[in-house]
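One chain follows as structure tokens, the form predicted on its own.
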Amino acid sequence: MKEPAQEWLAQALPQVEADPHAIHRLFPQAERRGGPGARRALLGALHGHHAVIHSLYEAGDSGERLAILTALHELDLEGTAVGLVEDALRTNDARLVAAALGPYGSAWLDDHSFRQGVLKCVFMSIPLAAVAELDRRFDAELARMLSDYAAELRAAGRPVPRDVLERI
């Protein structure tokens, strides 16, 4: 006999596969009824329906948005979800900002947006270790931006984060 969470998920997945819009009803309750990983499984059942994922993100609370952002790189969306990442970078929720610079954001953001996202992480005291592919995306302009910010901190008598010092 299946556990209640497994049973719920076993019933929810075929509903989403048959009607992608069913996720709007199921996603908010997925973590509570389906357990950890249920939201990610439901997103996978969408098979890349980017319009549904966009509307789900738009209607979601921060926990739901976080689940979407952390799963983007697994959803075969190519660059269609960059707008969601850019939206998350405009928030003041450190969890969303960090998730925005996960594998999907680091793969698809343009250089300017990526650099601004990294700088926002520093402003928000999000460790740079949270930024996926930072070594690959790090360039002279990002080094200059971080160096300028470090100079501002020093001028104000404030400490420069260690991970910034290691990069400049």
Partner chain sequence: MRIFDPHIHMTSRTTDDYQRMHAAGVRAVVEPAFWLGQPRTNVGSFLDYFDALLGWEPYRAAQYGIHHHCALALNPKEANDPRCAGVLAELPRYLLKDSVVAVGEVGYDSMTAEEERAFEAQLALAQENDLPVLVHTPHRDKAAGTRRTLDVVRAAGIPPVRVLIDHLNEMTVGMVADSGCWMGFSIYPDTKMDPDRMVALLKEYGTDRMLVNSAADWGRSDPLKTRQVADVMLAAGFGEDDVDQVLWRNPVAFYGQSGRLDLAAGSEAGPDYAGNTIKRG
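Quick caveat, the model's predicted, so the values are computed rather than measured. Positions refer to the first chain, counted from 1.
What follows is about the form predicted in complex with the partner chain, which we do not show.
At the 4.5 Å threshold, heavy atoms of His73 stay clear of the partner chain in the predicted bound form, well away from it. Taking the partner from the other structure, the partner chain in the predicted bound form has no heavy atom within 4.5 Å of any heavy atom of Ala45. None of the heavy atoms of Gly102 is located within 4.5 Å of the partner chain in the predicted bound form. The closest non-hydrogen atom of Glu78 lies beyond 4.5 Å of the partner chain in the predicted bound form. Contact with the partner chain in the predicted bound form, judged as any non-hydrogen atom within 4.5 angstroms, is confined among 102-110, 29-37, 45-53, 131-139 to 29-37. Of the residues in 113-139, those that come within 4.5 Å of the partner chain in the predicted bound form through at least one heavy atom are, in sequence order, Lys120, Phe123, Met124, Ser125, Ile126, Pro127.
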